[in-house]
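Only one chain is shown below, in structure tokens, and it's the form predicted alone.
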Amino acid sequence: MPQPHAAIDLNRLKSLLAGVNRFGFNRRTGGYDRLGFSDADMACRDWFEQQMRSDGLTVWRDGAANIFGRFGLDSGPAILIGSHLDTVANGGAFDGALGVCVALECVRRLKETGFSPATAIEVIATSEEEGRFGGMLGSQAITGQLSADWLEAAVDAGGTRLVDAMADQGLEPQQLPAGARDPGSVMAFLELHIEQGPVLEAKKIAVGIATTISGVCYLEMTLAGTANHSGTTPMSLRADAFAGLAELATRIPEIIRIAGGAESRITIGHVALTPNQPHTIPGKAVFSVILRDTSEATLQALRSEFEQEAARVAQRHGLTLMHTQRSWLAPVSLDAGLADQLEHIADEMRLKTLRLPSGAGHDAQTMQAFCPSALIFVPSRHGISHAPEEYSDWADIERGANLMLNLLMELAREKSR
């Protein structure tokens, strides 16, 4: 049996993450632009795939552009470990990519120590996790949670269709539903991620163990009024789409008070005004609404209350309201047994841990419906994420990565010789 408390090579991990972050770097802002199925995203996948091939892993891609690198037995179930390589627009250096790099570093460390797993390990870099098109496409493809109707209807905030973005990269989206993994082919899914919140840093705790992951409801709404001259149209005779949107935004705290709770979140993050000119009353506002909560019943209640309030606001401003649901990811509880195992290993390693919910969505929540899943958090400085200022201290990353390595060794176990 391997000895506990194995350790990763931190400098090698730093170098690997730096390699990933050569792709999509925005010199003007200091952020990263690797949107799902963009040229930068696909070039990064090509590079990472080559890294795994150089390490002697058996490497392949599926129809969603998920990348797999298998270590160990050629057949039988596998433990999947990894995260995603795509970013939001002008995102940070650690979100997603760190988890993929930690996964490969864990396997590199096992290989160089001569560890021979009794259960195969697959490093995975999922695709389109950040929801450019509304879902978590890569992990949904793996777990068979994609429908042909959703694939055909999915568009990003700029109006680009998912099927077109994939076709531009030589992918065939119509084949995605047929590419799901077989039941029983995945023994567990493990993911390390930055917390993307302030809790661990505030409590001075190096490692978090996620217990639940919030569900996400993505709505697209339109308030339509009348575009008109800003100087000649009296205030009392306007049908101002932006005025309606502004009032609706101020109602968010009350909506949460009525229908939500401590874990509820509502965000209007993307707005497009038409005609969007200084001297013209906005005639139309198209905007995204992201609702989150760890309770599915509460998430449903939040959606209902928000839609009702939007209808009331539209009526007061003489506007018409249209809305559609772009995606729905249900909240999940992650595997309690894996969380207990993580806590036990951390105790042996003298690592202080905290169990906490995740307000952000992760591949682990999609995978939990398919196999037992675990999610390790490392602290985020000032809780900042999805921004160039995103940062996690390398000492904390090393602790989280070492915890992941030792969990992986326990789950894979070494073959008797």
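Don't overthink the numbering: it's just position in the shown sequence, from 1. The shown structure was predicted, so the numbers you read here are calculated from the model rather than taken from an experiment.
What comes next is about the form predicted in complex with another copy of the chain, which is not displayed.
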item: Option from 54 to 62, 376 to 384, 363 to 371, 347 to 355 whose residues, in the predicted bound form, bring a heavy atom within 4.5 Å of another copy of the chain; value: 376 to 384
item: Of 157, 73, 180, 205, the one that lies within 4.5 Å of another copy of the chain in the predicted bound form (heavy atoms); value: 157
item: Contact residue in the predicted bound form, from 105, 130, 122, 305 (heavy atom within 4.5 Å of another copy of the chain); value: 130
item: Distance check, residue 109 to another copy of the chain in the predicted bound form, heavy atom within 4.5 Å; value: no
item: Heavy atom of residue 330 within 4.5 Å of another copy of the chain in the predicted bound form; value: no
item: Residue 175 within 4.5 Å of another copy of the chain in the predicted bound form, heavy atoms; value: no
item: is_contact(residue 117, another copy of the chain) in the predicted bound form, heavy atom dist at most 4.5 Å; value: no
item: Residues of stretch 216 to 252 in contact with another copy of the chain in the predicted bound form (4.5 Å, non-hydrogen atom); value: 216, 218, 226, 227, 228, 229, 230, 231, 232, 233, 234, 235, 237, 238, 242, 245, 246, 247, 249, 250, 252
